[in-house]
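Consider the single chain below, provided in structure tokens and representing the form predicted alone.
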Amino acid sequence: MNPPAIAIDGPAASGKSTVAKLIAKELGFTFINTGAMYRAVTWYVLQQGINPADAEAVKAVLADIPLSFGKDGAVSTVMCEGRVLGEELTLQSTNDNVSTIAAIPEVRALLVEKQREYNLTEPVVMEGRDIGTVVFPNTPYKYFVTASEEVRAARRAAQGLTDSIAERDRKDSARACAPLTKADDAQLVDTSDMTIEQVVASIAADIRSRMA
């Protein structure tokens, strides 16, 4: 039986990454940012001059993609040929194309396998868009973190990102493979009018009460 896995899903700019990272710290678990994994593949594909919309070309490079997935302390990392990727993952070009790359079934199959490997030996808090529905469908700890479109758009703008929240939502929710959706047994957490501290305290308290 694997260690506990906490699944935190939600749309872009819902606050799920920050919440997941803080909950992992609160519980002493490892934080896994699955979005960074998809962004790394997107960045690499663009570096190779491949059109992200050309699914066949993307699939052709997956077997030899020089990415490795590890961790620094209790936080997941993505490396390319021995170098930890950082700002590459937040480039506008990466941001503009990540939903297209994430819709390719072979990309998702590869990364879901890597994501599950983290939980073989240690408890994790994993954030993404399909953690509770695909990666860890049997975990009892599922949370769907969201916020109003207006609040999320303001958060993206504060990050210097100008993509359309509505368009990101449409792409992530409409894709055929592992679409963004709330698991039936996930708790809905609307962060529109909550501070990060309030969200973290609420979720952490719920996890502790059910683990006790």
Ligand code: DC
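Because the structure is a prediction, the values reported are computed rather than measured. Residue numbers run from 1 along the displayed sequence.
Missing here is the form predicted in complex with the named molecule; even so, the following discussion is about that form.
Of the candidate stretches 181-189, 35-43, 142-150, 53-61, only 35-43 contains residues with a heavy atom within 4.5 Å of the named molecule in the predicted complex.
Not displayed here, the named molecule is approached by Ile131 to within 4.5 Å at the level of heavy atoms in the predicted complex. Mapping the unseen interface onto this chain, Arg155 falls outside it, with no heavy atom inside 4.5 Å of the named molecule in the predicted complex. Using a 4.5 angstroms threshold between heavy atoms, Ser99 counts as touching the named molecule in the predicted complex.
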